[in-house]
Ligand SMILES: NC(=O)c1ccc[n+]([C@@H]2O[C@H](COP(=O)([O-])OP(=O)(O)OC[C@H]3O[C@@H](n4cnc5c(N)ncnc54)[C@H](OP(=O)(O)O)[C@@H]3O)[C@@H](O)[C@H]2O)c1
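A lone chain, given as structure tokens: the form predicted on its own.
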Amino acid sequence: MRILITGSNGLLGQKIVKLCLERGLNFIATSKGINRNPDCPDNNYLSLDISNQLEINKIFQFYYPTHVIHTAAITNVDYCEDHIEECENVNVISTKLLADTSITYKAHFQLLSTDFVFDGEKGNYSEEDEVNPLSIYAKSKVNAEEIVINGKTDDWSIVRTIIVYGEGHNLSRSNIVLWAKEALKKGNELTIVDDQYRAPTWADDLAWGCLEIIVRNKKGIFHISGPETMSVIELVYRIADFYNLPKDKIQPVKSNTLNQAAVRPPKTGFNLDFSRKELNYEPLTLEKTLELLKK
């Protein structure tokens, strides 16, 4: 088994690298530019521009991966609304380049996707539910999924997830749990939506699920998220309670008052029955992960 990881400088990529090292799995980590993860040995890292077919070919010819875990993407939903061509290039076209090359090299291709493929009218989505994207970002992920599903092989997996959080090294973006914790500590005024519902996902659980699909030789679509769906404001309240921080600076607000560029689905959350059955996936509760963060 030889695993090629894209987006290895990101939070999820770093967690997958960590698990590969712990399990003694053979891997090559890639991101654009230098290796920003001090836990990833430089011998296991190569720079890769996923939009450049020549660079992709060189890495496949050098490493001959048996599995590809494609985590690299533009995930800032508002940014995507204003940078449609860049979003298309990174999230869709680059997925096709990597997926097609994986087919050529007979490598299993795994795509990371999102709860935003759904419109949020129903919640508790299963893998069979119909997608209905509301934003440019969400449409790019649906298009990427379709490329994988309609390819000339069935040797693929798609992992959909929701609000990933945890600690990593030199991350280009923070995540809601770390941001809320620091803001509450500083006593900042927080304006938080109370009409959006999500199942926040511990990055370590997600990385475990991604690798377990590969190790168990599974295929198809998998929903991998946290076990609890809650409003975003409840998430922040629970973070405050856990760290014994005051909640008086948390102000509820409705989504339609924020003038955000991208439309968000009101309620997602996943039915995890399939992942529990196929992978023995048992994600940690929010408070258990906060305890681990504390340590």
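The structure presented is a predicted model; accordingly, all values stated were derived computationally and were not measured. Start at 1 and count along the sequence shown; that's the residue number.
Absent from the display: the form predicted in complex with this ligand. The rest refers to it.
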| item | value |
| --- | --- |
| Candidate site 204, 235 and 289: all three near this ligand in the model of the complex by heavy atom within 4.5 Å | no |
| Candidate stretches 144-152, 179-187, 113-121, 99-107 - the one whose heavy atoms come within 4.5 Å of this ligand in the model of the complex | 113-121 |
| The unique member of 80, 211, 158, 162 whose heavy atoms fall within 4.5 Å of this ligand in the model of the complex | 162 |
| In the model of the complex, the residue from 272, 279, 12, 20 that sits within 4.5 Å of this ligand by heavy atoms | 12 |
| Heavy atom of residue 268 within 4.5 Å of this ligand in the model of the complex | no |
| Close approach of residue 71 to this ligand in the model of the complex, 4.5 Å, heavy atom | yes |
| Contact of residue 193 with this ligand in the model of the complex (heavy atom, 4.5 Å) | no |
| This ligand contact at residue 90 in the model of the complex, heavy atom, 4.5 Å | yes |
| Sequence-ordered list of residues in 12-47 near this ligand in the model of the complex, where near means a heavy atom within 4.5 Å | 12, 13, 31, 32, 36 |
